[in-house]
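The chain below stands alone and is given as structure tokens, in the form predicted alone.
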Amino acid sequence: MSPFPIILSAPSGGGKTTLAKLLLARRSDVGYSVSCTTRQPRGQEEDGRDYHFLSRTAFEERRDAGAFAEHAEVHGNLYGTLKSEVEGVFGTGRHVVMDIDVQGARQFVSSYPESVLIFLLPPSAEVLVSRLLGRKTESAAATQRRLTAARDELAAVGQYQYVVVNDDLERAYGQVASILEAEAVRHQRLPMVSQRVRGLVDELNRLILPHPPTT
């Protein structure tokens, strides 16, 4: 089986980061591609674990060198996924799980068309607002910008293969895990399927008598 990227997108406060961390904690077949950002760390976030926190100049240098599989400016900050990070996880035989925004997902699929796209919907606008306000890490103006962006991001749901309503974390996790399991055995992802089928057919042909005995 060839590993593939799993992209989780959602409006800010939609729970994509929480769900990604749950997948990583519970599944040994999934690895994380640590993204780069120019925003400041929040709370207990650590450089190299949650994000690679870069200066704007350092980020732009990597972008101009073609190092990113995707990059975007979101709420005034730059975000991007390094190709080297993705390939590093693939090299261990694991799928790559990423929580990236709609802009980034569009670009990423151009580089990795085998990606599985999952959009997480909040159960209601009230819940989304409550989650954003509960962070207490941003100004009222920044929160308003995120709400405006959320409205626009919801219009991109049709570009995703799967939609999961994140009204209950365990249920949402179960649905995403089921999607991963199903995608892993998709015909196109299994190496040498055609060769294996031909081998089975050849074996059956040898076992089938040319003139079956009559009773």
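These numbers come from a predicted model, not from an experiment. Residue positions are given as counts along the sequence shown, with the first one as 1.
Below, we refer to the form predicted together with a small molecule, which is not included among the displayed structures.
Participant: Here the chain is shown alone; which of 74, 89, 142, 129 has a heavy atom within 4.5 Å of the small molecule in the model of the complex?
Facilitator: Of the candidates 74, 89, 142, 129, 74 is the one lying within 4.5 Å of the small molecule in the model of the complex.
Participant: Of these, 52, 62, 27, 39, which has a heavy atom no more than 4.5 Å from the small molecule in the model of the complex?
Facilitator: Among 52, 62, 27, 39, a heavy atom within 4.5 Å of the small molecule in the model of the complex occurs only for 39.
Participant: Would residue 119 count as a contact of the small molecule in the model of the complex, using a 4.5 angstroms cut-off between non-hydrogen atoms?
Facilitator: No - in the model of the complex, heavy atoms of residue 119 and the small molecule never come within 4.5 Å of each other.
Participant: Counting only non-hydrogen atoms and a 4.5 angstroms cut-off, does residue 153 reach the small molecule in the model of the complex?
Facilitator: Yes - in the model of the complex, heavy atoms of residue 153 and the small molecule come within 4.5 Å of each other.
Participant: Closest heavy atom of residue 99 to the small molecule in the model of the complex, within 4.5 Å or not?
Facilitator: Heavy-atom contact with the small molecule at 4.5 Å: present for residue 99.
Participant: Are any of the heavy atoms in residue 35 no more than 4.5 Å from a heavy atom of the small molecule in the model of the complex?
Facilitator: Yes, residue 35 lies within 4.5 Å of the small molecule in the model of the complex.
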